[in-house]
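Coming up is one lone chain in structure tokens, specifically the form predicted on its own.
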């Protein structure tokens, strides 16, 4: 046996089992999802071929799918802009070696080590209209007479915004901080000698040299917003309404509550295509000439 053949056999021995498992548990279910999306099926009886009928019904005006997309876009851009701005601000401040910088790193990142379901339950308590509701107690102390039901369907999307900002800002702060700390200090020293202010240093040195990492952060936010599920499901007690449904909660509801596998998998296919398109568009719009340093 030749050395090249031995190398191929060695690689196949180590890569073969994980590739087989990936094909069995990821690729095969994904292919089946595309097939199921063309059927009318309750998951138990005989499936019926309907072609693109499920997609046409989802994209019709009578479906909850279009409003669910709107909710996903809201949860992508409204918290996303706040998260980016705050994460950049805090990362830059910590990078400037302010007092307590190490403590801030741990404090801001802490929400990311907590389960997303636990975070949703925590904010349900914060928004509660009972005596344990921190926010309503604060408003009461400020003169508000009646408690506000922040988690009712008509207000829930806005109530999720501060929760998302509190949860995600620390992760992106650490991500951006790592990029900032890789920038050579000589650039900042040269800028100071030229009389550049801190703001000019940020716009003309920090931001361009961390643009690749910023692009990755934006893509994370877009994908996370399009796949939003946990908080809606928990805060609505597993019964989201048309006013709060996202694509993921609508997909889950169709498959596991209404036993409409065809529509549920059609939503999954459209969600996959939207995430793929959003990622490619983001990469295209944010693409810049790479700066070497």
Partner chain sequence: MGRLVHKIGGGLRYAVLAAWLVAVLFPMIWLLYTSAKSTQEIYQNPFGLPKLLTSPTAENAAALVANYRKAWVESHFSRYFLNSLEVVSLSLALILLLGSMAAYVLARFDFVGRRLIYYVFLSGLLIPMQLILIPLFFQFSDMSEGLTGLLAPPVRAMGLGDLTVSLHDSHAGLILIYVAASLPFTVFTLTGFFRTLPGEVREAAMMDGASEYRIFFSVMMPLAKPGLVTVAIFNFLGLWNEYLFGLVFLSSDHLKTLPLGLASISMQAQYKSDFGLLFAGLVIAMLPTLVVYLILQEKLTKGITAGAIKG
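Predicted model only: the values in this text are computed from it and were never measured. Positions refer to the first chain, counted from 1. Each form is matched to the other, and the largest set of C-alpha atoms that superpose within 1.5 Å is called the rigid core.
Same protein, other form: the form predicted in complex with the partner chain, not shown, and the subject of what follows.
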> Looking in the predicted bound form, is the partner chain within 4.5 Å of a heavy atom from each of 89, 109 and 115?
Replying inline: yes
> Hey, in the predicted bound form, does residue 242 get a heavy atom within 4.5 angstroms of the partner chain?
Replying inline: no
> According to a 4.5 angstroms non-hydrogen atom cut-off, is residue 258 in contact with the partner chain in the predicted bound form?
Replying inline: no
> Does residue 102 reach the partner chain in the predicted bound form if we count a contact as any heavy atom within 4.5 Å?
Replying inline: yes
> Given that the partner is absent here, does residue 237 sit within 4.5 Å of the partner chain in the predicted bound form, heavy atoms only?
Replying inline: yes
> in the predicted bound form, which of 164 to 172, 200 to 208, 73 to 81, 187 to 195 comes within 4.5 Å of the partner chain (heavy atoms)?
Replying inline: 164 to 172
>> Where, within 228 to 254, is there a heavy atom within 4.5 Å of the partner chain in the predicted bound form? Residue list please.
In response: 229, 230, 233, 234, 237, 248, 251, 252
>> Aligned on the rigid core, do the two forms place the Cα of residue 11 2 Å or more apart, comparing between the shown form and the other one?
In response: yes
